[in-house]
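Starting off, we have a lone chain in the form predicted on its own, written out as structure tokens.
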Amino acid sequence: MSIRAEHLSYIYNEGTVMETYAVRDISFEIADGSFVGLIGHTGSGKSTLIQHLNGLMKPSRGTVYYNDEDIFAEGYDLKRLRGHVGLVFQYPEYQLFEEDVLTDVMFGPKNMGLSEEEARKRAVEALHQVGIEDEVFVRSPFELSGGQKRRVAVAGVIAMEPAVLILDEPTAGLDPEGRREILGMVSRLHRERQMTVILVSHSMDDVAEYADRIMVLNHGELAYFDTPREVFRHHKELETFGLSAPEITYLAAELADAGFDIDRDISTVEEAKAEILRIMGS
């Protein structure tokens, strides 16, 4: 179940003197089961791009395919698509609106046409998967902590059992512990459900640790789509985009420049650990 974009463009105020490309001529394919990090400076087109992937926005040019079907073709069932491609917006707690947590998470499955019993079953399973205990089910979502609200909002999407989960800055505004909880949860869902994940993030360390491929947008254009190692190898160019590499990458490069026998393209702490053990054993 892949997502493919072909020559995708989105233009604001097309045909006027204010014409601006939010996304310009982007083509890519995201393979089933992959974990993709999407990075770019503020205003690079990240949020615009992901809203095309489940049909919330319609492109000015080009199209998007899900399982080789054009999602913008006449008669295509976009409601069904959104059950397969779930999108969690930035600050997803603003999506919470029901009186209690369980009812809120049941909303998506019920909207898909599932029975009350099946919707409840899916909601309970999803809440357990994101680490919400049963006693929280009857509480108002507005009484929860920031991290709990974020997990409940994610549960509301995964209760629809999407094959693809897109998250727009899911850790924004959270403290370090909250960030680790959310990203650990997403990583676990990716492994256990073989779910395709697209993670929009401003944290280079996070995408280096969790993603197997990274997509880099610069002024609406696709600059890179490769492994973290290959993308961060170009950290000097990324800096011209208003981005950076993980801190460990800069440290490894400095050590290599100082004459140490170390891989300068390290991008995660685990890779650094393996390199240190290699050096100590050599």
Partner chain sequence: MIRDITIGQYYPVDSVIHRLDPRTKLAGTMVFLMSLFVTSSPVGYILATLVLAGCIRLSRVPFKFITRGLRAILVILLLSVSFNIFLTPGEPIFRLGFLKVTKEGLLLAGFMALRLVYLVIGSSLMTLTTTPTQLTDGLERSLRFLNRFGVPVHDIAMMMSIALRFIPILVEETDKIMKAQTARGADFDSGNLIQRAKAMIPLLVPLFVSAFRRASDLALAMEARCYHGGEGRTKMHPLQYEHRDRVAYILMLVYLLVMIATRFIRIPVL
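Keep in mind that what you see is a predicted model, and the values were worked out from it rather than measured. Positions refer to the first chain, counted from 1.
The following text describes the form predicted in complex with the partner chain, which does not appear among the structures shown.
For the candidate set L127, L183, M160, L199, a heavy atom within 4.5 Å of the partner chain in the model of the complex is found for exactly one residue, namely M160. In summary, among the residues S60, S244, N218, Q51, the only one with a non-hydrogen atom within 4.5 Å of the partner chain in the model of the complex is Q51. Heavy atoms within 4.5 Å of the partner chain in the model of the complex are found in exactly one of 187-195, 169-177, 202-210, 79-87, that being 79-87. The partner chain is not drawn, but in the model of the complex it has a heavy atom within 4.5 Å of N111. Of the heavy atoms in M18, some are within 4.5 Å of the partner chain in the model of the complex. When contacts are judged by a 4.5 Å heavy atom cut-off, L96 counts as touching the partner chain in the model of the complex. The partner chain in the model of the complex is approached by F142, whose closest heavy atom lies within 4.5 angstroms of it.
Annotation for 103-125: interface residues with the partner chain in the model of the complex are D104, V105, F107, G108, N111 [heavy atom within 4.5 Å].
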